[in-house]
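Quick heads-up: it's one chain on its own, the form predicted on its own, in structure tokens.
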Amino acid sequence: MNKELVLNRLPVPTWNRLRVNFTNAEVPESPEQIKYDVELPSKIDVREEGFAGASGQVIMPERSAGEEWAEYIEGTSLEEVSYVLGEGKTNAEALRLTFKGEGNGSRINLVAKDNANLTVVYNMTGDFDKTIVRDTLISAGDNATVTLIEIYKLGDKTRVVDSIGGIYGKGATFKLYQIVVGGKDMILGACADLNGNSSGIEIDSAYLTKGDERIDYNYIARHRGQHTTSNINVSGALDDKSSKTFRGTIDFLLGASGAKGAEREDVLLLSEDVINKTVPVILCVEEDVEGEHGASIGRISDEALLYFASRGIEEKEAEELLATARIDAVSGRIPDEKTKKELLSTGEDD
């Protein structure tokens, strides 16, 4: 059985008639535990326990999918698995979690102690006729870095809800790379509590959609510490009757003096029937901050098509090249060489 939830709420709602304040989704009432194929570096400890921050304190992060999601996921029988990297350690090889189709729910905690550098890769490739729910909580201690790479290359039967929440100490950094190629209904997001001074979040996301596929993003940066930074970059291409909603919120809270935040989106429209909704939000109650946002949304220009035609490239091929270039651009910035090589060598057709 399924139950319907309200997810990815905009932190400050706008006009209801715009239909961007939240999204609805059906999730499995009793999800079954996902059994990942795990490549586990020796330096990382695995603990079957609930969330505990890098300092040992239990302060629950805000989840990007929202309060209804938090109540739902905590009410399931899914086991929590914590991957912990000790103080000052670096996992030279990434922790890799690959979904092969068994189960449909997971709760994972990623903890990097002070001065640690943790890299994690989630990989989900295939066409699974199910709704998959994934909850990830992150804690990064002082001067720690957590890099999370998520790869979704899915068919038109798979539905995913992927919620990320994290708390970051002094000088800590969270880097998120998301690649989405396909998927019937993709509800994604990340919320970062930048509590420590000079902490930061960097998001680099790219997508390709076709048919009647849908992507719904909700990225939130809560600037609490001084001189905190956030950079949110999303680019992609929409084709056929697909749709995408992007919510990006940069929230400068009282005390976040010297903070800087920026969000940018680049959207290529390949059909007149696509639906694109972009909602950049900057909230501010602190005076000494810098926030900016920008979006580039449009079709391929006639001049560009003429340029391609002059080199023997037809319109459809030109569209595919420009769309794939968005995926390749983000793939090329991924710091994990194994993942980067796989993405750039296989392209979008696998």
Partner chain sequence: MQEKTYVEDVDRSLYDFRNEVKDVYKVDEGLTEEIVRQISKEKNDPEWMAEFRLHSLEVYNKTPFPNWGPSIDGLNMDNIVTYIKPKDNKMHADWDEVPEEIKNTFERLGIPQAERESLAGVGAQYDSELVYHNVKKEVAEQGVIYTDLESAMHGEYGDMIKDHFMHLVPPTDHKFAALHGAVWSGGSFVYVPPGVTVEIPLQSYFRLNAPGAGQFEHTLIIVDEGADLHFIEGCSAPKYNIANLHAGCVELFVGKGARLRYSTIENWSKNMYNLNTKRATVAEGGKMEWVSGSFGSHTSFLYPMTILKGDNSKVEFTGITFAGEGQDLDTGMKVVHSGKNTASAVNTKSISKSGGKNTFRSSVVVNKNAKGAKSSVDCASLMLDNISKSDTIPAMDVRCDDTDIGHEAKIGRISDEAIFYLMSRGISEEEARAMIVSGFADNVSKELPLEYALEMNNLIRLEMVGSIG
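Note that the coordinates shown come from a computational prediction; the quantities given were computed from them, not determined experimentally. Positions refer to the first chain, counted from 1.
The same protein also exists as the form predicted in complex with the partner chain; that form is not shown, yet it is the one meant from here on.
**Student:** With the distance limit set at 4.5 angstroms and only heavy atoms considered, check whether Asp156, Leu306 and Lys316 all reach the partner chain in the model of the complex.
**Tutor:** No, the whole trio is out of contact, none within 4.5 Å by any heavy atom.
**Student:** Work out which of the listed stretches, 216-224, 69-77, 271-279, 172-180, brings a heavy atom within 4.5 angstroms of the partner chain in the model of the complex.
**Tutor:** Single hit among the candidates: 271-279.
**Student:** So, in the model of the complex, is Glu26 in contact with the partner chain at a 4.5 angstroms heavy atom limit?
**Tutor:** Flag for Glu26 set to no.
**Student:** Is the gap between Glu62 and the partner chain in the model of the complex 4.5 Å or less for some heavy atom pair?
**Tutor:** Glu62: no, not in contact with the partner chain in the model of the complex.
**Student:** Look up in the model of the complex whether Phe128 has a non-hydrogen atom within 4.5 angstroms of the partner chain, and give yes or no.
**Tutor:** Answer no; every heavy atom of Phe128 is more than 4.5 Å from the partner chain in the model of the complex.
**Student:** Quick one: does Arg264 come within 4.5 Å of the partner chain in the model of the complex, counting heavy atoms only?
**Tutor:** Arg264 belongs to the contact set for the partner chain.
**Student:** Within 4.5 Å of the partner chain in the model of the complex, counting any non-hydrogen atom, which residues from 273-307 show up?
**Tutor:** Those in contact are Asp273, Val274, Ile275, Asn276, Lys277, Thr278, Val279, Pro280, Val281, Ile282, Leu283, Cys284, Val285, Glu286, Glu287, Asp288, Val289, Glu290, Gly291, Glu292, His293, Gly294, Ala295, Ser296, Ile297, Gly298, Arg299.
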